[in-house]
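Have a look below at one chain only, the form predicted on its own, in structure tokens format.
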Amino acid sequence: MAIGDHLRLLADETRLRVLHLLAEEPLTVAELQDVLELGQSSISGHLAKLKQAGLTHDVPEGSARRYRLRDDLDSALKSAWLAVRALSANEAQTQIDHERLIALRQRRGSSWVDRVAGSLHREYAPGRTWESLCHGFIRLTRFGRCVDVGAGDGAMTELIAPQATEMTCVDPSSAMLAAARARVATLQLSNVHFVEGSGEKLPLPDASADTVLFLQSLQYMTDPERALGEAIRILAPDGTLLVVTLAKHTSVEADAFGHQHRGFTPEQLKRWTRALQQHHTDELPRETRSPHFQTIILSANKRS
């Protein structure tokens, strides 16, 4: 859609009222009817246009559907909405609708906890972020002698190193390793080492690692099968390989990030690591943001 189309979409008074309300919280058609004092068919028609334009989406909630603003808006559409929202925030009707929404909450008599039951995984709650959960769960993990292949600038080092007896960050980029060293210096982690080298030819001895990690780095390898073979070589008996990578896709957008491969299938990863045992693979839900990349997680152990 052109910017003119965006502005025409947002110029409608009812659609603008709906958007202001959804900016405060997700609502059902019945709740919007209550606040806007408009008929169901009228509100549903406007919601359909907003959804088609990519401004809103809805999720089932019992026999109803709850509508919410998208958080992955097209940049032009997002700019248009934010500009119109700021210009209309102090309109009399906007303030009236806001007061009616407060009254609805009071009549509803339900807490936020009750309202999001069944959809909590989609809702924001203060402090309940993936970052905080990862920091918490990783305290239960022990990495032993850990090798991070394709470690980049060491973004994961702060998280992993405290749970490892020693951590070796391997990357072919001297610039990345310099940034990683600077990061680790500020963290005062004495058990972290840096090695410049490729994943396809790890400059490390056989059976020298208890854990080998590929954290979204396998797609950068020229020869991923060989890189995984090297990981198996340096794993000690009972050691664990963990691969977090992209699932097979056709998006050209990944090429701009320097990816050598457009993801992998679980079958490929299992075949390339068939010398290991106890394979486990998980395919995570696709990202909500276009082009909807999907992540695969593979773990496997080396025989003792």
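The shown structure was predicted, so the numbers you read here are calculated from the model rather than taken from an experiment. Residue indices: 1-based, along the sequence shown.
The same protein also has a form predicted in complex with a small molecule, omitted here; what follows describes it.
Enquirer: Check each of 228, 192, 151, 146 and return the one that places a heavy atom within 4.5 angstroms of the small molecule in the predicted complex.
Expert: It is 151.
Enquirer: Which one of 176, 184, 77, 84 is close to the small molecule in the predicted complex, taking close to mean a heavy atom within 4.5 Å?
Expert: Contact residue from the list: 176.
Enquirer: So which stretch, 229-237, 131-139, 208-216, 94-102, is the one near the small molecule in the predicted complex (non-hydrogen atoms, 4.5 Å)?
Expert: This holds for exactly one stretch, 208-216.
Enquirer: Under a 4.5 Å heavy atom criterion, is residue 221 part of the interface with the small molecule in the predicted complex?
Expert: Although the small molecule is absent here, residue 221 would touch it in the predicted complex, with heavy atoms inside 4.5 Å.
Enquirer: Test of understanding: in the predicted complex, would residue 200 fall inside 4.5 Å of the small molecule by heavy atoms?
Expert: Heavy-atom contact with the small molecule at 4.5 Å: present for residue 200.
Enquirer: So in the predicted complex, does residue 164 come within 4.5 Å of the small molecule, heavy atom to heavy atom?
Expert: Residue 164 lies outside the contact set for the small molecule.
Enquirer: Using heavy atoms and a 4.5 Å limit, would one call residue 156 a contact residue for the small molecule in the predicted complex?
Expert: Output for residue 156 is yes: heavy atoms within 4.5 Å of the small molecule.
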